[in-house]
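Only one chain comes next, encoded as structure tokens, the form predicted alone.
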């Protein structure tokens, strides 16, 4: 008898097969027992009829509890009324483990309770669908960059210095010195770009931000491309092409999962390049016109980003932020040094910044000046300075936060559902 995954039962209609999985739900009408079985690839209804299977198998069905593991044998039938359009007429059942009383019932639970049981909450249809969409997003990003002939380069997790600012660093003892959990792989990607041209890293990053907003995690994943010989405009072109590719891929490949999370896909279908571009100056004007008291020179908060994004039907680039509020490595605009060649991509529907990036300083003297202005230890950045001493060229890059992209594409209310085991200001368990 052939073992099949639930996701492939449509290929075996009329055949007797073996399924392996867990009991998601069970109901009985006396002579019939209806099991909803999940196996990680999907859900299917298994119908056990008394008198049509051995008595001991029927009794075994009756004793199954939620999340008990089992092996089901039966014939696949097409049935439009059944979940997924197919069901299995049971010919035999073999329980492997009868689960204890399951803490997560099919009723609604509070978020704190579900987060305490996150290791089990992942088994529910909605959470499984989110993780499948996350998988698709990551796969699409990597496929896009690979097709553009980018080279994957792994950046270190332990670093000797800051990338995004010294106030949000997690520190750890490193033998006789101090090391920090990486805030970004960007500086290392700049080195790799000078060797390979177009590169990217993909991995976890860490920010010790004492924030409780729905957009922040202390541990999150970023993809960070970096390109030699590419200016800000070329950088933005790559971003919009990549985001559009990812959206269309998810819409095509994850229809059922988007339906499970009840995502209105209408607005996603219109996400196509080019994306609108507004300067920081224009953004300030928009905020003021919409009743937001905002002074030039400040950074945008989540509410500000929402107001800006509401003016557009697609993601919008905000470019040329004040140099003073951006990282030390951002290149000032040669025509107007008080602003830099940076840009953030704001997602629509209130999801805020999903990409930050820009053109890097390629002049060694200016970079040395910026390091001193930011009161950073020059010895820790000596290797980074070397990149400007030995064949410096114009270059740029960006970082896309996977979790914020997942939240937007899935239409989620909080970023905690976008990652299997979220790390928040007040949560590191499980």
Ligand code: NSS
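Positions refer to the first chain, counted from 1. What you see is a predicted model; the values in this text were computed from it and never measured.
Another form exists, predicted together with the ligand; not displayed. Remarks below refer to it.
Checking 314, 159, 260, 184 against the ligand in the model of the complex, a heavy atom within 4.5 Å turns up for just one residue: 184.
Residue in contact with the ligand in the model of the complex (any heavy atom within 4.5 Å), chosen from 227, 318, 354, 90: 354. For the three residues 21, 24 and 103, a heavy atom within 4.5 Å of the ligand turns up in the model of the complex in no case. In the model of the complex, at least one heavy atom of residue 220 sits within 4.5 Å of the ligand.
Not displayed here, the ligand is approached by residue 329 to within 4.5 Å at the level of heavy atoms in the model of the complex.
By the criterion of a heavy atom within 4.5 Å, residue 207 is counted among the residues contacting the ligand in the model of the complex. Taking non-hydrogen atoms only, residue 42 never approaches the ligand to within 4.5 angstroms in the model of the complex. Heavy atoms within 4.5 Å of the ligand in the model of the complex map, among the stretches 390 to 398, 65 to 73, 48 to 56, 362 to 370, onto 390 to 398 alone. The partner is not shown here, and in the model of the complex the stretch 38 to 69 never reaches within 4.5 angstroms of the ligand through any heavy atom.
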